[in-house]
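Below you'll find only one chain, the form predicted on its own, shown as structure tokens.
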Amino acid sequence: MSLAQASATARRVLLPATLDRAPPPLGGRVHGFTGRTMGTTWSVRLVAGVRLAREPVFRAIQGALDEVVAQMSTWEPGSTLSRFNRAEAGTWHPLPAEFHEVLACARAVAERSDGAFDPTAGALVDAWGFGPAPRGELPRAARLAQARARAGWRRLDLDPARRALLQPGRLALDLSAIAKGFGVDLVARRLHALGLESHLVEVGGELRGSGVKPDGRPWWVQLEHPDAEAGGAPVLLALHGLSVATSGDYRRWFEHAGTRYSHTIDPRDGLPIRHGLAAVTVIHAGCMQADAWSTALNVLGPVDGTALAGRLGLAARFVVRRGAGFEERTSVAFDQFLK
């Protein structure tokens, strides 16, 4: 997603059911912060007084994102996730509160999507070379079979009372499709704790907005489109107590022997998705949920994904390839935001 200003020429505007336009306290201005995390960039815009002490705010933002990396990164050998993936079979592992929250959400999305989203697909990610160890060739069938045997969200044995997770043996977690969204949520929590109620948080294109700007206007963002020039009028969303995330192979793909492969793997068969869906955008109260569901619906594809979004009341937009162009499909919950 990209930041945008609402304009009179925009034909489609998305608004929440209620929009409190009461401005923040007098004297506020918009402050901007930027940094790097999870192999991408982050940015925060927030409303505060002119004399805001910036360094403590920056430390709170970067500290929250560093916590996510320290707990959930597959790229950090010492992370909580990496240590679990290397652990011996039959061992229980206490989880930090944040890790437990993310894994519980990931398992719920896995169950409701019937495995289209699977936080245990780490071995498949590695087999395709999408993890910390890139590969220069396509995986052989035997390697994929071994990786699939190690996966399976039903193997997750999570004890909520003890906040502990069992390693059943060679289970490899990968939370890349949900951790970034959770990072956005965690930063928003830290800002609220500092009394900074009006803010827009972005990590690698996933966003969450709260409150309004000093002039009483909401935080406007423009939804991504694979072909912005041919996409027609922009779709603008007022992020007022909302989050938005997009998953699509137009973002990440690779080519081998003249064939284009998505970086999104269908954990049910271990292969990159190949159904012609270019992107899925999900609007949700939580960025963690928006992040996970955009991936799940992307894996399910334009037919099954649209059907599931309808059954679950998810606000989702599907951009489907049609020849040289694109076709857009939206769920009923998404259309309810249109004004």
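Just so we're clear, the structure is a prediction, and the values are computed from it rather than from any experiment. So that there is no doubt, residue numbering starts at 1 and follows the sequence shown.
A second form of this protein, the form predicted in complex with ligand AMP, is not displayed here; the remarks below concern that form.
**OP:** Using a 4.5 Å heavy atom cut-off, indicate which stretch of 49-57, 292-300, 305-313, 62-70 touches ligand AMP in the predicted complex.
**Re:** It is the stretch 292-300.
Original post:
Candidate spot 14, 224 and 281, all three in 4.5 Å heavy atom range of ligand AMP in the predicted complex?
Top reply: Heavy-atom distance to ligand AMP in the predicted complex: none of the three under 4.5 Å.
Subject >> Any non-hydrogen atom of residue 117 within 4.5 angstroms of ligand AMP in the predicted complex >> reply: Although ligand AMP is absent here, residue 117 would touch it in the predicted complex, with heavy atoms inside 4.5 Å.
Original post:
Wondering, does residue 125 line up within 4.5 Å of ligand AMP in the predicted complex on heavy atoms?
Top reply: Close contact exists here: in the predicted complex, residue 125 approaches ligand AMP to within 4.5 Å, heavy atoms only.
Original post:
Does residue 247 reach ligand AMP in the predicted complex, with heavy atoms at most 4.5 Å apart?
Top reply: It does: once ligand AMP is placed as it appears in the predicted complex, residue 247 has a heavy atom within 4.5 Å of it.
Subject >> Contact label in the predicted complex: residue 263 to ligand AMP, heavy atom within 4.5 Å >> reply: Yes - in the predicted complex, heavy atoms of residue 263 and ligand AMP come within 4.5 Å of each other.
Original post:
Of 102, 171, 242, 177, which one comes within 4.5 Å of ligand AMP in the predicted complex, counting heavy atoms only?
Top reply: Checked against the cut-off, the match is 177.
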